[in-house]
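Below you'll find only one chain, the form predicted on its own, shown as structure tokens.
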Amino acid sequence: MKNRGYAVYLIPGIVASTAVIIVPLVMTIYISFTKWTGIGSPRWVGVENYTRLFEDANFWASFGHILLLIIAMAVVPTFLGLVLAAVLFDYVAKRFSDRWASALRSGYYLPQVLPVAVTGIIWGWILHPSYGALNRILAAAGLGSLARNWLGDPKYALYSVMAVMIWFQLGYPIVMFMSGLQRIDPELYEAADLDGATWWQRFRKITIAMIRPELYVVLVTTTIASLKIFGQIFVLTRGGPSNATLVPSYFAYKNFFEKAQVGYGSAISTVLTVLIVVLAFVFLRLQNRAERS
């Protein structure tokens, strides 16, 4: 009874969530069972869109590309971010100053705050086959034979996007892990030093163990971000060449707005949403189990 008065403050959030998330989600699920061009009335077709979806080679190829992007956006940045955060916190801050560590941390995080369109255009210039900085540098170093059409060749396009996404994503885990390192009791490291532990032993036995909550958060959020990736693909490659960088979100976009197959695009979006919810649930269960143990 005493706390009932606080419920009124939840109303704006509930209304906003219902209008922005719940209603569009329900509409998307309904439309996924229809055939609709976006104009006129949808025609109910049952599970026809889903049957077509699971027989579509482009759909399965897009999820294959997502697996590689999970490596580029979640696995590699998490590992590198953990190591770099430990180096900045444990070496740079102590040997030089906290200002240097903060400056480097901000530099790594800068790609996260820049607009996706800006970073995409910059990398498009860098990787351009004719006047791109990367090919020019290779030519100047006498390695012109290594120059490639990085974003225009199906052999290299996806790997080029993966490299860009590692650069883009790296700052986020560094900031999260450095925040976690600040709450570790320094006496743990001092005790380890007295026992003759090496830096790697301290890192493995103390650092990783103590920032496990941050580790789970980073893995969950970066994995979900990789499943939803759209902006970078749209700016860099638009799913090409020859669908070599096609991902589910852009595949849904193409069906929604380029082919006017709204029902089919909704089916793709629904499957992707279910996958994200299931993965988030599994991660959270694993995190809760680890914390209890």
Partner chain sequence: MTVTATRAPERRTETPQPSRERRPGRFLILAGLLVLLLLMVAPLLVVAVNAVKSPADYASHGPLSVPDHLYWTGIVDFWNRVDFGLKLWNSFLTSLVVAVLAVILSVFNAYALGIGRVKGRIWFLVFFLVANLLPQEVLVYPLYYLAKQLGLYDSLFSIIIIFTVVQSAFGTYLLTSVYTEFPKELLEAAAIDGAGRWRALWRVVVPVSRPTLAVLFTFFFIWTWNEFFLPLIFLISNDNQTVPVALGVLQGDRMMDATTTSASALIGIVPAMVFFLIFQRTLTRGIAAGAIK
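Between two forms, the rigid core is defined as the largest C-alpha subset superposing within 1.5 Å. Positions refer to the first chain, counted from 1. For clarity, every value in this text was computed on a predicted model and none was experimentally measured.
One more form of this protein should be noted, the form predicted in complex with the partner chain, which is absent from this view; the next part is about it.
- Although the partner is absent from this view, W200 stays clear of the partner chain in the predicted bound form, with no non-hydrogen atom inside 4.5 angstroms.
- Although the partner is absent here, G38 lies within 4.5 Å of the partner chain in the predicted bound form, judged by heavy atoms.
- The closest non-hydrogen atom of G231 lies within 4.5 Å of the partner chain in the predicted bound form.
- At the 4.5 Å threshold, heavy atoms of R105 reach the partner chain in the predicted bound form.
- Annotation: in the predicted bound form, residues D56, G142 and T223 none come within 4.5 Å of the partner chain through any heavy atom.
- Heavy atoms closer than or equal to 4.5 Å to the partner chain in the predicted bound form belong, across 204-218, to the residues E214, V217, ordered by sequence position.
- After superposition on the rigid core, the Cα atom of L284 is displaced by less than 2 Å between this form and the one not shown.
- Annotation: Cα of I14 displaced by at least 2 Å between this form and the one not shown, core superposition.
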